[in-house]
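A lone chain, given as structure tokens: the form predicted alone.
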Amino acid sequence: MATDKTFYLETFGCQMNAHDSEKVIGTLRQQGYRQVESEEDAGLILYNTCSIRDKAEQKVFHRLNDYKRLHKEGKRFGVLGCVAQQEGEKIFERAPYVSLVSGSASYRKLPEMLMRLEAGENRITGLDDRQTDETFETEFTARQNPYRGYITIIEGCDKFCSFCIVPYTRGKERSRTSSSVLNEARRIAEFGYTEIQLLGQNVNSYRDPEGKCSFAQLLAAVGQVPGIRRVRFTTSHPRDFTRDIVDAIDQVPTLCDHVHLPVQSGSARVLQKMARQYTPGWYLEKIAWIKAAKRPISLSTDIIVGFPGETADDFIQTMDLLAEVQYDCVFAFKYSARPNTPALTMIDTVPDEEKNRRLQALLDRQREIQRVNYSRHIGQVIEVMVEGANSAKGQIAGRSSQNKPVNFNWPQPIAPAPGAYLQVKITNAYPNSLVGEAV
């Protein structure tokens, strides 16, 4: 390994993975490592992986294969995250030049594993079973986002939806104490961050080990930390979405007026096969609470089309739910089987061509819904937090409290810094973004 202890880290996947990488980077730096920008310049090459999407593990192995030539130069490889937990020691068999395999539930052991790596060990594993009670808390988080601070408040999942691999790769649900979360929120504010996003596989399944706070109370408490202007949270599970969350959003102005509430399907029969443990009617009750809030709350969701056994009528029910809720954003995917999940044993009755057709029909419908929803903002003046420059359009890019992208013209030669808050008058709207002029 390079004597100056350099490392390169590439992250695949979701915001949880991105924040895990921030904590991994901080831990590595604390252990005397220096981050570099390319595999070629690194002594230690790490891939933090995600296994949610189809062919995730193939993507990781392809990336490893692309750079295996560097092993001959004395470089070491490590695979972290969900694919590491899913594949385990099989990674050593498929890619024998890998020296470290660690699931996310074992990141707390990183300092020890790094010492073993430096001592010359070639097959180091950190693979916890589902029963671990440990969370990965560290004071050495290297925050990479210039305007938003992430805090993981709960790790793991106990829901066992039949299509999802997360309960097997992330372990059981285990929450951090509300005291540790609030202490981290205060530190983030002291560093100059004004927006915090609370993270969890099922963030609203949070259960305070100290017994002090419900999720809604913790949300409100983070929103009251001095210096914090915006608080977001993701991802919620409908089964744990309670009315007091809406009440908190109404009562605490710093809580963003946006809720991401994955429905997955509008068919009760498909939801039962997915083991979601709710019906469309029950889900729509939650939506009714949100729509009855004192201020407009933007809604987004996740939908899977073509789940095994989904009929044409089931899909129509999903389209009907789409029309009823009128989401501001939908993340829609074709069903793909994931290893070790119960759905893997189900007969995939929907041909890929039909999955494509249904997905496109859903996206077309949603595009029209968003076209109408976004156009309602024309003429309004809204607060936008700057995220950077939209060089393609020569504008400033930002985001509203409702999590809607806003591109706006800026008349001055020096662009506002990421994290700045500006009032923007909306002059035009597209299905996925708003356009305006800085006031």
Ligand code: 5AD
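When you see a residue number, it is the position in the sequence shown, counting from 1. Fair warning: this is a prediction, and the values are worked out from it, not measured in the lab.
Below, we refer to the form predicted in complex with this ligand, which is not included among the displayed structures.
Heavy atoms within 4.5 Å of this ligand in the predicted complex belong, among the stretches 105 to 113, 310 to 318, 292 to 300, 335 to 343, to residues of 335 to 343. Residue contact check for I153: none of its heavy atoms lie within 4.5 Å of this ligand in the predicted complex. Within 4.5 Å of any heavy atom of this ligand in the predicted complex lies no heavy atom of P238. In the predicted complex, this ligand lies farther than 4.5 Å from every heavy atom of A248. Taking non-hydrogen atoms only, I304 approaches this ligand to within 4.5 angstroms in the predicted complex.
Though this ligand is absent from this view, in the predicted complex it lies within 4.5 Å of a heavy atom of just one residue from L322, I124, L359, C164, which is C164. When this ligand is considered in the predicted complex, only one residue from P262, G223, G149, G266 comes within 4.5 Å through any heavy atom, namely P262.
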